[in-house]
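First comes one chain, alone, set out as structure tokens in the form predicted on its own.
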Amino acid sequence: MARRIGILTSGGDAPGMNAVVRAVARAGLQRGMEVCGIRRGYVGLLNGDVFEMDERTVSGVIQRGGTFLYTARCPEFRNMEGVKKGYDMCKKLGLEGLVVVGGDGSFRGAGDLSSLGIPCIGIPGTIDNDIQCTEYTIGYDTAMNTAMEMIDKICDTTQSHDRCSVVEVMGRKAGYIAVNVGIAVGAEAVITLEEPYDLNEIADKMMQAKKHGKTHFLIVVAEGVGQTDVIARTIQEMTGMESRVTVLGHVQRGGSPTVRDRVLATEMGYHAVELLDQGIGNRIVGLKDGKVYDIDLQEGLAMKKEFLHNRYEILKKTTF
């Protein structure tokens, strides 16, 4: 059983990370554990940037976006020499278990650290929802709601000027945000890496819709496609309609987390502490069939995630 544990947030920040930290701290303290916050992810671990937390440390953080532990990427932790330094620091600090909140890169580091004898539990914290072994990642819902609200505002000015707005949303190489937000805002087209697209077909549908009185259009593009400017320029050339690009960018990472992100973050953090309290490590906490569960870390990373092909088809059949 781990009696002294640490928690860190690693990689890109995501709304709801603070809720995870809060849950881990309070669940751990309630079980008689010592709980340490590690600043700036694995960088902070290697530097020994660690402090002990109590109930008051995490007061008033559940509604805050970002992560009050800060986060960073740590190239040094990508090789075993860096991981061994992390192991040595855990031993020096008396850490008997670690909760790592982040994405797949952060989990690989946690798996390496577990292999050396420090039980680690990964909690998926990324807006991209691209962790294979879980239906949901912390921050995903908040990011989608933020994108939806921003695009709703963009559509107001698009309608006023008879334009086509081409909006790029985040998601790294995954199109989950793009498809769901595209449905929610009534986009005429969504372009992702997971589905083939034909700009000629999109332009033809736009021209047909114009003949029937439609004056403005919206196209949502996943950032992984990487050609948002080219897409907008091509659409303008094909249709003669002014097309403007908006890249929403990192605004999607910020903001107060939604109810779903706060609740699931709390459930996952609590579950992670339960595992460490039993001396169990090398696991990822995720969501399966709507319930929190855990899976072997390497097995989880090796899994393949199904794309939302059904929702993509629904979107195609409910536009124009």
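The structure displayed is predicted, hence computed values, not measured ones. A residue's number is simply how far along the shown sequence it sits, counting from 1.
From this point on, the text means the form predicted together with 6-O-phosphono-beta-D-fructofuranose, which you will not see here.
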Only one of these stretches, 209-217, 196-204, 126-134, 229-237, has heavy atoms within 4.5 Å of 6-O-phosphono-beta-D-fructofuranose in the model of the complex; which one is it? 126-134
Just to confirm, with a 4.5 Å cut-off on non-hydrogen atoms, which of 96, 188, 141, 223 contacts 6-O-phosphono-beta-D-fructofuranose in the model of the complex? 223
Can you work out which of 253, 31, 64, 39 has a heavy atom no more than 4.5 Å from 6-O-phosphono-beta-D-fructofuranose in the model of the complex? 253
Look up in the model of the complex whether residue 170 has a non-hydrogen atom within 4.5 angstroms of 6-O-phosphono-beta-D-fructofuranose, and give yes or no. yes
Indicate whether residue 244 is a 4.5 Å heavy atom neighbour of 6-O-phosphono-beta-D-fructofuranose in the model of the complex. no
Indicate whether 6-O-phosphono-beta-D-fructofuranose has at least one heavy atom within 4.5 Å of a heavy atom of residue 85 in the model of the complex. no
With the cut-off set at 4.5 Å between non-hydrogen atoms, does residue 163 touch 6-O-phosphono-beta-D-fructofuranose in the model of the complex? no
Quick one: name the residues from 45-84 with any non-hydrogen atom within 4.5 angstroms of 6-O-phosphono-beta-D-fructofuranose in the model of the complex. 73
